[in-house]
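Given next, in structure tokens, is a single chain: the form predicted alone.
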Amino acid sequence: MLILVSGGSGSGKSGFAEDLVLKLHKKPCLYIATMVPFDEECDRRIMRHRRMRADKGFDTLECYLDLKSRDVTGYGTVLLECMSNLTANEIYQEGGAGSRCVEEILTGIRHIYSQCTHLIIVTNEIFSDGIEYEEETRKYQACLGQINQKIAAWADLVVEVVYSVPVVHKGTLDEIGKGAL
């Protein structure tokens, strides 16, 4: 099953996605972490996420670039956190895909999904704030939007988390199990 979980900053999407992993009961579970620890703020966010998943049985793979080269064979459920970080990394990091980021990331997603039973992808909803951004940020938004649209088209379940409340846009939570959430 391919699942896309979206939401704004602080919406509860990460906790929701982790709970989905546990409810799918397909172990072992892998957490693919994409945030590059640039500064203290990033370090705090990374530590918060590590605390959230402590004692949940996840193995962790740090993957900042080149998702398509990763071997996740043997994992039943993979949680990719988060598409917005991976997209920024591929666009802006040395050695990243640059202008080819959309194709590279989508190829990587297909590659990862071909190796596991369930893939849950977390992404950010960054498109409805009404702010006019600089050209470079608009390019990033366009790439992330294309990636999110393609993943949503492929996905069995698309959920937006709003104030910790899941809003299903495609599929049904019943596919996860009665009373799972």
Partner chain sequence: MILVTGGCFQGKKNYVREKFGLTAEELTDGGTCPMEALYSAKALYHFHEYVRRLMEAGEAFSLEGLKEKNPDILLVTNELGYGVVPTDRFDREYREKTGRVCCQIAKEAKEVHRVVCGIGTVIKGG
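Numbering follows the first chain given and starts at 1. Quick caveat, the model's predicted, so the values are computed rather than measured.
Although not depicted, the form predicted together with the partner chain is the subject of the following passage.
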Residue-level contact is defined here as any heavy atom of the residue lying within 4.5 Å of the partner chain in the predicted complex; does Ile126 satisfy this criterion? yes
Is Gly12 a contact residue for the partner chain in the predicted complex, using a 4.5 Å heavy atom cut-off? yes
Quick check on Glu18: any heavy atom within 4.5 Å of the partner chain in the predicted complex? no
Proximity of Lys27 to the partner chain in the predicted complex, heavy atoms at 4.5 Å: no
Work out which of the listed stretches, 64-72, 45-53, 145-153, 112-120, brings a heavy atom within 4.5 angstroms of the partner chain in the predicted complex. 45-53
Across 56-89, the residues having a non-hydrogen atom within 4.5 Å of the partner chain in the predicted complex turn out to be none
